[in-house]
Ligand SMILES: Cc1ncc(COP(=O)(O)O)c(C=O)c1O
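The chain below stands alone, shown as structure tokens; this is the form predicted on its own.
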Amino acid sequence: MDGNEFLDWCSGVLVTNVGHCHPHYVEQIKAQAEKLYNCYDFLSTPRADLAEKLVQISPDYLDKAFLVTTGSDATEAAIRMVRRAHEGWEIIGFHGAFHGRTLGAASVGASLGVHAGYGPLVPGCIHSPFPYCYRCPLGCAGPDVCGFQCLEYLDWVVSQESCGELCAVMTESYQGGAGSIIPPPGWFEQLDQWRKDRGIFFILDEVQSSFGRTGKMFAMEHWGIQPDLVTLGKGLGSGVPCAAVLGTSEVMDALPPGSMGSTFGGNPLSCAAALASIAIIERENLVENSARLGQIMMDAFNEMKDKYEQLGDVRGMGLVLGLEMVEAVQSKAPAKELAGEIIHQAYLRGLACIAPIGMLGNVIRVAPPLVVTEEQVNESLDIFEASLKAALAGA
């Protein structure tokens, strides 16, 4: 509003994957707005086209799509689906998880900042540690030596908390709000096998991570796992609210007609926006752009990590990275104020960042739109390092 220009490391909290006001995106929304806004009772062409497109671009075994409005909606729908399709009703979530702010979503998640002060949560939610290897809650030295003790501990948690009614396990592909925490290699494959051995469903939350954000169309492609339900949102609509649940017939066919619905879910305007976003991602090779430029950013941040001991950990996939700021590399004491000052200094220099995230409030999230160019990436990296130096000089 005052004429300043900013490079964007926010993407509207990982929403605007195709950037701001992409011409094709705007054109398709305008065209649909002249035809039909909402049509809940009858099937519309955009809704059918989007459901078909989602099934087409997802792994072959996922053969159904249910359209809703927000990521929280998708979480709530997935919870209802697995409870209807399974004899059990208990759902396992992980400490630090964020699946939404509605009651069911906040209950399966275990983010204190989301549910504190709102009274009792939904019964039947069991929580266990997530593999936060930089600050392992079990005190392990790292994934190379621990043998995934967090999964072994999951057995203990279930033995102590479950009533014998396990239904599903739900996790994000990476924990976004908890600090862009990426599970170590092999963890997802073992979790998938763990739940198969117990005959329960697997819900993967890809609300943040899908549509090219991690350098793959869907993050699950990094590991070759097969979740029964996948929740989508944010980058699906790239600005206009749109969300979905991808799933298997085994789960979704268990739902009687009329047992699930959404007044605004799958409305023509949102579907037109989502179809335009997917078309742009495919046409402009934004998945590949995310992987390539994400690696450039990862390499640059690791070089900074060698120069500045306050940059304690660098983690990420594609164009979503987390920079954990600490007082010193040895102590790992969280540097919350430093993270905030770096973001402020970046703002003064024309780089927009999300407020510090993470369980300790000391992580800087890096998530530019997928249309970012290499020139813009390099400029933003220069701004960040200058901001880091300025923040340290004033500390």
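Note that residue numbering follows the sequence shown and begins at 1. Because the structure is a prediction, the values reported are computed rather than measured.
Omitted here: the form predicted together with the ligand. The next part is about that form.
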Exercise. Which one, 203, 319, 219, 207, lies within 4.5 Å of the ligand in the predicted bound form by heavy atoms?
Worked result: 207
Seminar exercise, completed: The one option of 345, 70, 32, 362 with any heavy atom within 4.5 Å of the ligand in the predicted bound form is 70
Problem set entry | Contact test in the predicted bound form: residue 96 vs the ligand, heavy atoms, 4.5 Å | no
Exercise. Quick one: does residue 100 come within 4.5 Å of the ligand in the predicted bound form, counting heavy atoms only?
Worked result: yes
Problem set entry | Contact label in the predicted bound form: residue 324 to the ligand, heavy atom within 4.5 Å | no
Problem set entry | Non-hydrogen atom contact residue 228 with the ligand in the predicted bound form at 4.5 angstroms | no
Seminar exercise, completed: Only one of 281-289, 188-196, 71-79, 300-308 sits within 4.5 Å of the ligand in the predicted bound form by heavy atom distance, namely 71-79
Exercise. Though the partner is not shown here, which residues of 151-189 have a heavy atom within 4.5 Å of the ligand in the predicted bound form?
Worked result: 172
